[in-house]
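Heads up, the chain below is alone and in the form predicted alone; it's given as structure tokens.
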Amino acid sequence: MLIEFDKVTKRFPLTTANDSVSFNIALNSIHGVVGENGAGKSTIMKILYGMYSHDSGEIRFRGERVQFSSPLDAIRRGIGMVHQHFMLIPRLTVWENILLGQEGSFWISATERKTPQLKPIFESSGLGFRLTDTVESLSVGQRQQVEILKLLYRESQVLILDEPTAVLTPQETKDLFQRLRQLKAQGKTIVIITHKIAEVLELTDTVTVMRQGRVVAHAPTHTLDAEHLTELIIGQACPPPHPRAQEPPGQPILEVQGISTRSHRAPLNKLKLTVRAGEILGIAGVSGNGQEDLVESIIGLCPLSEGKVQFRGKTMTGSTYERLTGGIALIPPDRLDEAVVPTFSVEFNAILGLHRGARFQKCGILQRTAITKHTETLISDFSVSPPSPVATLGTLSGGNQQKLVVGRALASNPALIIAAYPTRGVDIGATRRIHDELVKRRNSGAAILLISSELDEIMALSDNIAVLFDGYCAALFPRGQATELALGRAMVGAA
């Protein structure tokens, strides 16, 4: 075996992340490590990569006992890792990001010396961007390719990818899988940390299932099916989805009336949309076709060059704060940049944006008892782990942070819910919980604008589906009439 974990344990102040973990990874294979958020799957790989030290047990690499003191030690032994949140500097070029940390004593001389070594790797990859492009000009999928190029340049033989498809479109996911299969054929060993069952079954050779810090299964992928794997991950059969009410939608809650923007990203082009009470309108589209401008136009962060946005029949002119405390809730598309403060506690993150309300402060003084009670309710309702209001948010897994963000957004019983990628990076159990909550809110009369890169999610939840292409609505499908083929055609402008 290439890598062996033998009774590895890792404890943090409030939780045991890995509890006597034992499994192995074969040479020249694609190995899946799956489990719910907080199951310990990312932690065990960060121990291998030298980001954490383990408290007990041992790790063997090529038969030799190892304990890397830093990622640099792991890189020197041929182990590389692509994190869920990319470690790139947006304003630098592709080649500058790849060479970063490898440039030697002098940047210019190192560039001249090492760029020729990079070109053959880049050219053989057949990527659709240039080494001189800045990272901020690339799509999310292309940025991930830059991360993989970094590992190949450093001659990594083991590639660890943490939630690699969490922010990718279906086509980008397909391209990534093809690339990973090519790398396996070239002799690389690949470890995928994920919660997406269909992708595990499609891509991997072997699967390790973790639950509550322990390994509960380790088996060849071909011996498992979706139902069995789901039960192993969540510890029980998956409950049926929440039933949908059959009442027709009510009055318009959100009306986007021919709006255009002039942002530096992907501007909107005379976009028209309506979301009614008791309706989920799904927004499908390849990333970068106006989704960000749509969200920011509604909440007042992106100025309009024409058109208007109406909420409950009135044109919105107030500040972002006024909109988000006046009946509109937002689940932001980028959790770390737009929704949380990792260095704050869980309870202070649970009231961000709500902290000025009378519920949580009096005469400018925060009411800790009310804040703690509110946080404990969110933790319980959305199964946030570890269940501690005083824990630093940054110590929680990405999925548990996202569950807190969703719970915070829905706590005020809003009339309009803007759910932008609400299950990004969230495990199967929490995804079902969030989906059920959105359906319940829809059944209770809320209007929901659902933006997602997951076509399965869009098709399962939406009453109607609008496809954004080049900033306008390229197609509109009623529930039951949308197929993946039809949506895919509209997403590339072929409808």
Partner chain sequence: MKSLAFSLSFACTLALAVAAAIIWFSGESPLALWEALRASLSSEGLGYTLFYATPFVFTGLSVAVSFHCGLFNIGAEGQLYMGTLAVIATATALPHLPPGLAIPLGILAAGLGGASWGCLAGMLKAWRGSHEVIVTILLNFVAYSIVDYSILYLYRDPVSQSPETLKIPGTFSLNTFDELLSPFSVSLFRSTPANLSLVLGIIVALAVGFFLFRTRWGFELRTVGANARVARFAGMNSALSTILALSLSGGLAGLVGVNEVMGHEHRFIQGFSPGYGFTGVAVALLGRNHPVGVICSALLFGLLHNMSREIEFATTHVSKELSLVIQAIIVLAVATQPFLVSLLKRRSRGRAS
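Quick caveat: nothing in here was measured; it's all calculated off a predicted structure. Residue numbers count along the first chain shown, from 1.
Keep in mind that the form predicted together with the partner chain is not shown, yet the notes after this line are about it.
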Problem - 4.5 angstroms heavy atom contact with the partner chain in the predicted complex for residue 364 - result: yes
Practice task
Answer for residue 147 alone: is it within 4.5 Å of the partner chain in the predicted complex, judged on heavy atom distances?
Solution key: no
Exercise for the section: Answer with yes or no whether residue 333 is in contact with the partner chain in the predicted complex, where contact means some heavy atom within 4.5 Å. Expected result: yes
Handout entry: is_contact(residue 338, the partner chain) in the predicted complex, heavy atom dist at most 4.5 Å
Key = yes
Practice task
Indicate whether the candidate residues 153, 179 and 389 are all in contact with the partner chain in the predicted complex, with contact defined as any heavy atom within 4.5 Å.
Solution key: no
Fill in the blank from the handout: With the partner omitted here, the residue among 53, 56, 443, 28 that in the predicted complex has a heavy atom within 4.5 Å of the partner chain is 53
Completion exercise
The one option of 95, 348, 129, 382 with any heavy atom within 4.5 Å of the partner chain in the predicted complex is 348
Practice task
Quick one: find which of 197-205, 390-398, 321-329, 245-253 has residues within 4.5 Å of the partner chain in the predicted complex by heavy atom distance.
Solution key: 321-329
